[in-house]
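Structure 1 and structure 2 below are the same protein chain in two forms, each given by itself as structure tokens.
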Structure 1
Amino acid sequence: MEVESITSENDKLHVIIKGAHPAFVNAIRRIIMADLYIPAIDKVYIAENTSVLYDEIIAHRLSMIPLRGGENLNIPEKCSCNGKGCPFCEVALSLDVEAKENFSIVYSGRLKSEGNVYPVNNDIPIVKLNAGQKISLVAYARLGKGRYHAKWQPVSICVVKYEPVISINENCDLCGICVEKCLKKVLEIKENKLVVKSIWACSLCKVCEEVCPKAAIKVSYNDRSARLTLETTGSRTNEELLLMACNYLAQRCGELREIIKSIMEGVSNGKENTTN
């Protein structure tokens, strides 16, 4: 297995992995989406809310604000408080706003943190208030996984794409129909030859294969060459998420190895005892 390239484009990270089993690359994808701990607001105590939005809607909007930090927080299930909530596994963020004029938008930047957890972006709208309307609350952020709730999912995009394979045989007469019909403009005629401009741009739609009157094009894919694309919501950088996923997978594989080793030793000892 080898990592051919790592590139960043429009806040997305592209990693091309060659020679790896599809299950391995998909495991990295699933870990990033479901098994990495990041902070998010989990409990909201609202003292006053005279806005047009119900308390439940306010709480939901707060929970979906991406948060950064929380590296020193304990995992709630492993904390001495047994997940009930304490300063070691939770960080309080308060919001106390009264509108002075109509159509006043309350943004995430108004949240005041009592620890090292804070919104990724200060310009996320929470609620719109008219003059005299007020909202006062305390929210508590804690670590969690994407498998528990979408608010703890650290990415907006995390997909695996296998490398397309476009085969062009000698029947091609350079009619140009495939070049015209290709939605991604992957093909072009260059120096009296049909060539592929960018193989990763191919969406595997097989339109070129279907419209070719000479059946000169075949489209497939190589599942031993994959591109992992991820885009963070901001809680961690793309690079941090990728490394965290690799470390998590190595840790779980190590745990599995120890369990299997323990079982095999038990079986071996059982046989010896039976013989004696």
Structure 2
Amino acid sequence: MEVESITSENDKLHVIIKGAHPAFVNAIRRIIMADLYIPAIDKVYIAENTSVLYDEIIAHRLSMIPLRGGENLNIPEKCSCNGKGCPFCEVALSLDVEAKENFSIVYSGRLKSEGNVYPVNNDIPIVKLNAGQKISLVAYARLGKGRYHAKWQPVSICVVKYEPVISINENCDLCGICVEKCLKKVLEIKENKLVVKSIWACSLCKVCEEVCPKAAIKVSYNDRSARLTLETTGSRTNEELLLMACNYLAQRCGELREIIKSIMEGVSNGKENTTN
């Protein structure tokens, strides 16, 4: 297995993994989506809310804010408090805003954190207040994973794609129909030759195959090579998520190995006992 290229654009990261079955890359994808711990607001105590939004809506909006940090927090289920919530597995964020004279928008930047958990962005509107309205609350952020709730899902996009393979044979007479009909603009005529311009843009729709009058083009895929694309929501960087996923997979495989080992030992011991 080798990683051919890692490219990032905006919030996205593309990793091309050669020589690995897509099922393996899919394991990493599923771990990123469902099994990595990141912080999100999980409990909200509302002291005062005279805004036009209901408490529940505000609590929901707070929970959707992606949070950075929280690496030193305990996982609630494994914490000494048994998940009830304590300073080791929770961070309080307080919000206290009163619109005195004018209409004002309460942004995520107004959340005051008492630990190392912060909103990824200070410009997320939480609620709008008119003059005289007040909101005062304490929210508790804790670690969780995508399996429990979408607010703990660290990525908005996480996809595995097979490597498309486009083979062009000598029957090609450069009619250019396939170049014109390809929706993703994958093909190109260059120096009297039909060439593939951007292979990963190909969606395997096979329109080129259908329109070719000479049957000179063939679209297939290479199932020993895959591209993983992920786009973080901001709580961790894409690279961090990838490393966390690899560590998690290795840890789970290690656990499985230990279990199998102990079963095998049990079986062989049992055999000895029966023969004796």
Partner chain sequence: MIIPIRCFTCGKLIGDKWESYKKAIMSGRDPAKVLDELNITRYCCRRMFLSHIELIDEVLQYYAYRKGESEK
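Basically, rigid core = biggest C-alpha set you can superpose within 1.5 Å across the two forms. Counting starts at 1 and follows the sequence of structure 1. On a predicted model such as this, the values are computed, not experimentally measured, just so you know.
S.K.: The same chain appears twice here, once per structure, so which copy is the form predicted in complex with the partner chain?
M.R.: Pick structure 2; the other is not the form predicted in complex with the partner chain.
S.K.: Align on the rigid core first; then say whether the Cα of His60 has moved by at least 2 Å between structure 1 and structure 2.
M.R.: No; that C-alpha moves by less than 2 Å between structure 1 and structure 2.
S.K.: Has the Cα of Leu243 moved 2 Å or more between structure 1 and structure 2, judged after a core fit?
M.R.: Shift of 2 Å or more: no.
S.K.: Can you read me the CA shift for Ala215 between structure 1 and structure 2, rigid core superposed, in Å?
M.R.: Its C-alpha position differs by 2.5 Å.
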